[in-house]
Each structure stands twice: as structure tokens, then as C-alpha cells.
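Only one chain is included here, represented as C-alpha cells and corresponding to the form predicted alone.
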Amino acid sequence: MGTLWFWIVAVMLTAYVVLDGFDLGVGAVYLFVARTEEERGQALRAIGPVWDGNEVWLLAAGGTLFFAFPLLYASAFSGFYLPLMMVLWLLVLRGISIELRSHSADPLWRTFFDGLFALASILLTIFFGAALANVIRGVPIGPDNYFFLPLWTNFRTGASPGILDWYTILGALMALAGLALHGCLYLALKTEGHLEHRALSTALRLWPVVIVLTCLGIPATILARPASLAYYTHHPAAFLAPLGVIAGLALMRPGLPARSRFKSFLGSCLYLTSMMVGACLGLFPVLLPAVGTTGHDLTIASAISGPHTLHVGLVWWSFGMLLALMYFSIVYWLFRGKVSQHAEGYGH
């Protein structure tokens, strides 16, 4: 049951990265690719019907983490409490900017909300990338299973790291570049006209950046936490994850004809999924690695809930996921195709 719930949480976090990742990416490139009022409205209509639903996966993953691995939930947020509050405020500000922009005809207020939407999206991608890098690298867990992280120390990994060091900054840059590319490919798939071509042009510039950062990130992860290779050493099938990363990078090559735009977007989805699966395989069966000498790793065995909780939770989780999958299938089917350049409100 512990292994099952580990992968349930991993699947929901991966779904969040892939689904909410493209509308975060749209926000990150919003001011650069959408330059007119018409284009900005078109970009927002491209994510309008789905952006808030995509965030459900983050809430579901957090709730599942709470009852499946309560010790991990308590320990992680003891040290990440301030970043968590910042992420929540950025999610709120991002939602407010999308909603209030459509209720104001004043150009000044629309410009303000446009900037707020872009800034919140960029900061969220940076925060999520740095947070994942902190988990992979490890934190100084104490004997009581709690920890404290300063914003930075000496920018090195080791026994006394900060939230920011060379590895977590690299993780933040990888997340920003990867999700920005993901968003550009989504806009190229869903929009038309100048916005479509500008999104594709931006994707062409971002694609080699993502390749370079990925080539740096994989060896950097091994350097920051050599134990991340342990599972790969004992289970060679795990190397399918880095192969998936390579395949995703190859498939999402921008500049393809219009009929291949969907394949490029699927390549981006494969890239993000493989990166997340690779990170989870590098951690398994550890949930939160410890650095230093005072504490110990939080593992599945040490953080798992009781059997009754897990069995009852599995029943309700299955029912909830069935409803969620039905909802997402209907929404994305109804929202298929490109958005119009001249429509009003959300969607087509």
C-alpha cells in the first residue's frame, strides 16, 4: 500500500505539472507573445475553460499527501511554510488577474492585470522548480523530523543548504524554460494568426535552451544527491524515464507544419512526464531525503498512515478520480480545436 500511494501522489503531481503547466507557461510568455489587446484576449481564451480545473490536481495531491503520508506533510511544511504561503498568494493573484481583467474596460487596469498575471505565472514556475529541486537534493531534517531552511547560505549543496543554491536555481530555470516552451506549443496548437506564429517563433528560441538545461540538470542531480542513482542501478528498466525525456525533446521540435502541432505538444507532455517520473524513481522509496548528520530520511515506511486509513482512502480516491476524469474528458472534448481571434469571453 505504501508503494501504491507513493505512485498515486506522483501521478497527481505529474498531472498537475503537465496540465496546469501549459497555462502557467502561457502566463510566463504572455507579455512577450501577445502584444495587442486582441491577442491577449485570445491567449486568455485559450486557457479560459481549463486553467482553474487544472489546479484541482495540486489540491488533490496535497489532500492525498495529508492522509497517506501525514508525517511527510507535517515535516515538509515545517520548513517550507513561507514558500507555501507565497505559492498560495501567487495562485490567488493569478486567478484574480484573469477574472478581473475581463470585467474592466479601462486600458490602465487591463495593463495592470496583464502584468500581474504574467508576474504571478513566472514566479510560480520558478517556485515550483526550486521546491522540487529542494526535495530531490534533501533538507536538514532534525531528530524530531522537522527542519528549518534559510533563504540561502553559501549557495552550495551539503550539510547546511539554503532554499536557494546552485542546484535549486538550476531547477528553477529548468522549470521556467520547460513550462514556457510547453505554453508556447499549447498556444501554437490552440490559437491562430499572429499570436500562433509568434508563439511558435518563441518556442523555436526556447527549445535549445531546454535541451541545454536538461543536459546540465541530469548530471547536476547526480552530483547534488548521488543516492538518486540507486534505484536505476538495481532496476535498469528505470532508464526508460531518461529515454522518454530524449524522445519528448525530439518530438516537440518546433517549426513543424500545422498538422504536426499536436505531436509537438504531446512531445512536451512526454518530456514533462518523463522528467517527473525520473525524479520520483530517483527518490523511491525515500519521500524526503535528509542532509547532515542529525536526522534521517523520511521514507514510505516511516511516514505512511495506518492500513484502515489507506484502504478507506483508496475507495474514496477511486470514486473521486473517476468523477475528475469524466469532467476533464468532457471539458477538453468540448474545448477541442482552435479559439477564434474575435470571440468574446472564455473559450471559442
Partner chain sequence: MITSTPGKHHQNGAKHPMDALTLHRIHFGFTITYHYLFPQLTMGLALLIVVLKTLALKTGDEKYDVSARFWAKIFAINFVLGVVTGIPMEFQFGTNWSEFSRRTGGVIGMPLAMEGIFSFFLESAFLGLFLFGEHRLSRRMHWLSAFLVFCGSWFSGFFIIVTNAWMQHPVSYTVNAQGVYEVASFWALLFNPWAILEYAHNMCAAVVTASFVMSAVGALYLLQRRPGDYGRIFLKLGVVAGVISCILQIFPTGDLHGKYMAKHQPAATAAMEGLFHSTKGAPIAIMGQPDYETQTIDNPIAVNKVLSFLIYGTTSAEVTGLDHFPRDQWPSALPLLFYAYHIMAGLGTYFAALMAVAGFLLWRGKLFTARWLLWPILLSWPLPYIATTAGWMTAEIGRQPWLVYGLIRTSAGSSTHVSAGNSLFTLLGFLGLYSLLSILWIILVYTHIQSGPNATHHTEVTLA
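Positions refer to the first chain, counted from 1. The shown structure was predicted, so the numbers you read here are calculated from the model rather than taken from an experiment.
As for the form predicted together with the partner chain, it is not shown, yet the points below apply to it.
If you check the partner chain in the predicted bound form, you find no heavy atom from any of Ala227, Phe239 and Ser264 within 4.5 Å. The partner is absent here, but in the predicted bound form a heavy atom of Ala74, alone among Leu243, Ala159, Leu216, Ala74, sits within 4.5 Å of the partner chain.
Proximity to the partner chain in the predicted bound form, taken as a non-hydrogen atom within 4.5 angstroms, holds for one residue of Val135, Ile96, Ile211, Leu204, which is Ile96. Among heavy atoms of Val18, none comes within 4.5 Å of the partner chain in the predicted bound form. Contact check for Leu173: every heavy atom lies farther than 4.5 Å from the partner chain in the predicted bound form. Not displayed here, the partner chain is approached by Leu91 to within 4.5 Å at the level of heavy atoms in the predicted bound form. Proximity of Asp144 to the partner chain in the predicted bound form falls within the 4.5 Å heavy atom cutoff.
This chain is displayed without the partner chain, yet in the predicted bound form the stretch 146 to 154 from 219 to 227, 268 to 276, 146 to 154, 244 to 252 comes within 4.5 Å of it by heavy atoms. Of the residues in 2 to 34, only Met12 comes within 4.5 Å of the partner chain in the predicted bound form through at least one heavy atom.
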